[in-house]
Each structure stands twice: as C-alpha cells, then as structure tokens.
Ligand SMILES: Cc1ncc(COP(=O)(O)O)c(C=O)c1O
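Starting off, we have a lone chain in the form predicted alone, written out as structure tokens.
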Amino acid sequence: MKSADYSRRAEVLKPFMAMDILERAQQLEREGRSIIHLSVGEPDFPTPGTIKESAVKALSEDKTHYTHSLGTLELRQAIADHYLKRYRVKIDPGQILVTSGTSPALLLACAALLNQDDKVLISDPGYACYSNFISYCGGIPQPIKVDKESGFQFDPKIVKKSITPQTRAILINSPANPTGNLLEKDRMRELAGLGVTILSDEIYHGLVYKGDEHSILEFTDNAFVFNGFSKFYAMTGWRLGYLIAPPRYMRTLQTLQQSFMISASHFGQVAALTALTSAEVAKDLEKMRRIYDERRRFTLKRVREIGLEVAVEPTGAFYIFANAGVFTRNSYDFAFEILEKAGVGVTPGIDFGENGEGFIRFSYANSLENIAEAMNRLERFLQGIPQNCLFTQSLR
C-alpha cells in the first residue's frame, strides 16, 4: 500500500446510519418531543445486580491495574468452560483474548488475518460495520445477497462459487443482525467445509427463542470467534468482549493488543467472570430472555398488522427486519420521515447493504408499553400515506 493511502482509510468508511437516526432522535428529545427508540440494538435492561456488586467489590479491592494482555486466566478459563459446556468444544485458554468490547476483537482479527486486497465474503444484508472493519484493515468486503427464499442465510453453494484465490475469509453472524435469523446447523457445517477461514460473530448467543444456536467451533478449528457480554448480559457500556482464535495467530493478536489496547479493565473482567459463573445471574438472564420473547411475538404481530411484510420469522437477537417496499424505495429518508412525523426511531434497511433497501429494522429492546405505542404511532403514519403512492425520496 502506498503511504498516502493510509491517511485515506477512514475516508472510505461507510457512515453508521442507525447512529444518524439516534442522534437526530436525541436532538428532538432535547427540543421536547416524545420519541420511542426502536433503532439502536442495545438492551434496555440494567446489568444484573450480582454482576454490578462483583465489580464494586473488585474496585474496593483495588483491582484497577493492567492485567495480562490476553486477559485474566480465571476469565479465560471460564470462557473455555462455557464453550465446553454449551457447545462441547474444547478450547485452550491460551487461544482466548479478552478485549474492550467485541468490536475491537473483530478489528484485531482483521488486522492479524488480512493482507492488502484480501477478500472477505459477507452477507447482504448484514451488520452495517463489518465492511468498515475489513476495509480499514486493507481488505475488500464482498457482499453476497441473502433473501427470504434462503431464510436470509448463506447458501453454501452460492458461497462456494464466490470463492476466488483472493478470498481470505467468510464472515457469519448467527443469530443475525439485522434479520434475527439463525444459521442452520447443516449450512454452518457446509460453510466450514469450504476450506476458507471463518469469522464467526456470536455476540447474540443466548438470545434465542426457537431452535438452538451453534458455534462455528463445533465444525472447524479454522475460525475466529467473536463474543462478549454486551447483548445477552446487558453490559454494553462495560465494553467487554473476547476473541477465540487458532493458536498460530495468538502471538500476533497479543502483540496488537499490547500495542493498541494493553488490556481490558481488571474490575470489568471480574464482573464478566461473575456473569459467566453465577447461578443468580443465570436466573436474571433467563427472565430477560423470556421478556424479549414476549416482545418479539407482540412486535411481529403488530408489524404485520400495520401493513409491513416479515417473510421470515426472526428467532434470535432482538430485531425484526420488515419489508416496507410498498411504501418506499428510499429507506434512509423514510426512516427519518417516520422519526419526524411519528416520533419513532427505526433503522433504514440500506444501512445493512444494498439488498436491505426497502426494509426497516425494528429493535424490540424496549418496554412492551413503549413498543405498543410506537406501533400505534407508526400505524397512523402509514395510514396517512396516499394509496398507490410509492415514495422514492424524502417526504419532507
């Protein structure tokens, strides 16, 4: 890469449209507007009390210094134990790197794995920021369309045809953002058998309401796994994640961690250890999961009642990806119009790739009362749109 190109890396990154919506919603709230947030994917539950208490205790014991750059051995062993118990895969704690959130784990993996112009196959639609991580590390994101016919899942046959000598990895996410769908076990096995390194985002594991989630490590050890405590454990602001990687990459990953982040916070790692091992926390998590499922079923019903299509029922995470194509061909402007006119924040489908255009994503990480009011507002808004009028640009 030419030296001048480094300074331009940030310039090619795509904006995160969900944050555009959130920031405008916050401005409207400061102006006195009532806004219901169904856009950003963040748990509305507080972190379970037992986890917070363990962090307070750790602070009182002055666990406020650097840890080993890979993370405390106790936490890494607990993560290994969790994967053995849940997925029946044996992982050496030396293959685990604790990070300051799951996004840094993905960034470090891309930095260690990708050479200039290496290609990474990603789903379209898929999480908005994946392409930015890949591009920033010199790689080329290569979208593969997924749709309702495939259940918004990779078709291994299509993926196989897309592999070239420049393909370095396949990135999967199950349960998926934005669709809330699970990648079927047989499809995961087929993808793992293609001979290409798998990058597996497993951050929504635990938030599953039908079927079972599977780790890619059940099918191959040629994989990088990203997971953490933000979503299932309601710990987004704690910034704690982890990376499980093949042993041959660990020294490089450790060097990157030492150089850029040093280590995750010590007291935070103590709290994460409690999150993984406390029986009281497990009870809290199951209660939250049941409430999410109640919201999922209610939101799915109302989204369909107000005239939007959900062709594939989401069974994980906390998202519903609804087809609004009868109303718009410009989901970005349409989402802002919903925000301004109905006071409801949703995420435009175009944020997740070209194949997401015409869709909007709802997050049901909000109270049932707020979701019900949001659906009523949105229903009134949609009823006010003239029949046979398909908006292709802003309604403002």
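Nothing here was measured: the structure is a model prediction, and the numbers come from that model. In this text, residue numbers run from 1 along the sequence as written.
From this point on, the text means the form predicted together with this ligand, which you will not see here.
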| property | result |
| --- | --- |
| Answer option from Ile320, Cys110, Val120, Ile203, heavy atom within 4.5 Å of this ligand in the predicted complex | Ile203 |
| Candidate from Arg239, Lys185, Arg304, Lys160 lying within 4.5 Å of this ligand in the predicted complex - any heavy atom | Arg239 |
| Region of this chain that lies against this ligand in the predicted complex, out of 112 to 120, 231 to 239, 144 to 152, 320 to 328 [heavy atom, 4.5 Å] | 231 to 239 |
| Candidate spot Thr67, Gly94 and Gln257, all three touching this ligand in the predicted complex (heavy atom, 4.5 Å) | no |
| In the predicted complex, Ser103 touching this ligand (heavy atom, 4.5 Å) | yes |
| Pro43, heavy atom within 4.5 angstroms of this ligand in the predicted complex | no |
| is_contact(Thr274, this ligand) in the predicted complex, heavy atom dist at most 4.5 Å | no |
| is_contact(Asn173, this ligand) in the predicted complex, heavy atom dist at most 4.5 Å | yes |
| Stretch 55 to 76: residues contacting this ligand in the predicted complex, 4.5 Å heavy atom cut-off | none |
